[in-house]
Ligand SMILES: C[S@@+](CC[C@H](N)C(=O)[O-])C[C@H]1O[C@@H](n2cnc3c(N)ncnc32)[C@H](O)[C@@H]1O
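First comes one chain, alone, set out as structure tokens in the form predicted on its own.
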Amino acid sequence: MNLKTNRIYIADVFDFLESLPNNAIDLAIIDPPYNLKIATWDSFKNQSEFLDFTYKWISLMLPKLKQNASFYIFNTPYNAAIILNYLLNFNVNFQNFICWYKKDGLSYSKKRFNSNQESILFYTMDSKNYTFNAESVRIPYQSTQRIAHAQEKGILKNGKRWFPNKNGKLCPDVWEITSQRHKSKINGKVVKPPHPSIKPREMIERMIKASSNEGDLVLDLFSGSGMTSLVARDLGRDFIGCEINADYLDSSLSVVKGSET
């Protein structure tokens, strides 16, 4: 690989992707623009321009993934549905349309149901040969009283006695994870984050634990604060990322500006 790993490159996303070799990435976690006008980089003239931009980075990214790689794409439910339709043009395999219940409470619409979710598309390049460590991402059971009873005597299901797993239940496709801005309150008050859409660490951990192994290479496209790279590093994975604004990035990450590549 011409570009060094465990670094974030300050560069145009298309130039960065074109510089990556094909079949190099084990896992890609992509938190791209949503066209919600939250910043200059998230503002497009119209939906057509936004979709042209989105389709271009998807088309450039897919060849960079290994044949057994996985990828996750964040977006609004509406945009995710359009992206899913576009991905029908490629030889990739849909696994889940994940609903992230943010518990954010920011919407106040009286004309429709208030939005309190974002969507995550989970795909694999191969239909069978890919990493998925289900045991590493179990979550706590909700019915603690029932589970406590089951631990002693079990629960009869289909003629067999079932006992709960000590590590919790298998992870579903609805993720109830509080947004990062609410996790980062100071003295009970929400403060302005360094980046307007930082994803929660525990959510990124879930993706990386489930869909990669130690030593794998994680692509952190549209790095933002660098949360994906930080988590990959902490979990013993290698990473390589791209971000247009160096001011957003966590200071502990190694940053390379375009002129230094």
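Model, not experiment: these values are computed from the prediction. Numbers follow the displayed sequence, beginning with 1.
The same protein also exists as the form predicted in complex with the ligand; that form is not shown, yet it is the one meant from here on.
For residue 13, a non-hydrogen atom is located within 4.5 Å of the ligand in the predicted bound form, even though that partner is not displayed.
The shortest heavy atom separation between residue 206 and the ligand in the predicted bound form exceeds 4.5 Å. Contact annotation: residue 198 falls within 4.5 Å of the ligand in the predicted bound form, judged by heavy atom distances.
At a distance threshold of 4.5 angstroms between non-hydrogen atoms, residue 244 is in contact with the ligand in the predicted bound form. The contact with the ligand in the predicted bound form, taken as any heavy atom within 4.5 Å, belongs to 225 out of 35, 54, 211, 225.
Taken together, the three residues 31, 41 and 248 all come within 4.5 Å of the ligand in the predicted bound form, as judged by their closest heavy atom.
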